[in-house]
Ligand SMILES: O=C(O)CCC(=O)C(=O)O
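Taking the form predicted on its own, here's one chain by itself in structure tokens.
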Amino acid sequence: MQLTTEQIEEFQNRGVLIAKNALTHEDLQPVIDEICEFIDRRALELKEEGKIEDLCEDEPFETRYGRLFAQYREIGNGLDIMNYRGKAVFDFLQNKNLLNVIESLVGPEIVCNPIQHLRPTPPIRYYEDSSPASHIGPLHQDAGVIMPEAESSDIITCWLPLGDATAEMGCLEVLPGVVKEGYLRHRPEGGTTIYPEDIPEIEPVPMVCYRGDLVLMSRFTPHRGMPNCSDKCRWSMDLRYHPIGHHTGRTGHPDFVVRSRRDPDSVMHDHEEWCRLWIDAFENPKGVVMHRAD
């Protein structure tokens, strides 16, 4: 789908937009299947090491991770995109339906920014410390987790659920309509968060969404994750895209072209090359990987 003129104006004014039903179940199922395969392998390894007892093989995707997490909190080690580098995820980063929405905001010359994550958020009841306040994500702008040189880059954050993301499940909360204020000062304490005195006095808005929806945010939109008080895991991906030629904000990690009408041959379709770039970034670090704090 392409965004309508009204949707684009809403994004520009509010700094956030939910694009409903932008993706199909067929777009996301290969990613979910790949995650399930990872969890299968990881659970078997941990059982062999004596760190878990129950593989929870009869549990569905929505609940299995939480049950495994309750047995061993490091079950998700290595699951983030740049670590396990799955083929289905790589293909999804170039998904046509996804890029059609992104193109509506940044044009047809598109780079996949290297800041990309896969996040399982298990139910809060599986944590040793059951205080909800201890699991609320810090309120921040994505401009606060990139180099200052990228502040002018038109980086679009695309947050998407792989299932339900209701208020009970701790969906994102955003402060809409403050994008024209630009970058707000961030401090490193508490996980890169906006200084309390700089937080705009705006009522947070929950971004309730479901599989197939996309939450689009400006780099200047304050947002945070909330505690998952349900009995299901909240699975989400947060990806970032920007126009070709704009600073990535993370020169130490690899970006790549995902769409170009001007130079189609520049688009990277080689999964193995993408993996090689990430491995090289970790084994031979160069460039800058930082969070911005003032």
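On a predicted model such as this, the values are computed, not experimentally measured, just so you know. All residue numbers refer to positions in the sequence shown, first residue = 1.
Just so it is clear, the following notes concern the form predicted in complex with the named molecule, a form of the same protein that is not shown.
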The one option of 238, 27, 255, 34 with any heavy atom within 4.5 Å of the named molecule in the model of the complex is 238
The named molecule in the model of the complex has a heavy atom of only one listed residue within 4.5 Å, and of 169, 216, 172, 175 that residue is 172
Please determine, with the chain shown alone, which of 200-208, 70-78, 98-106, 153-161 has non-hydrogen atoms within 4.5 Å of the named molecule in the model of the complex.
-> 153-161
For the spot marked by 149, 186 and 250, is every residue within 4.5 Å of the named molecule in the model of the complex through some heavy atom?
-> no
Is there a heavy atom of residue 234 no more than 4.5 Å from a heavy atom of the named molecule in the model of the complex?
-> yes
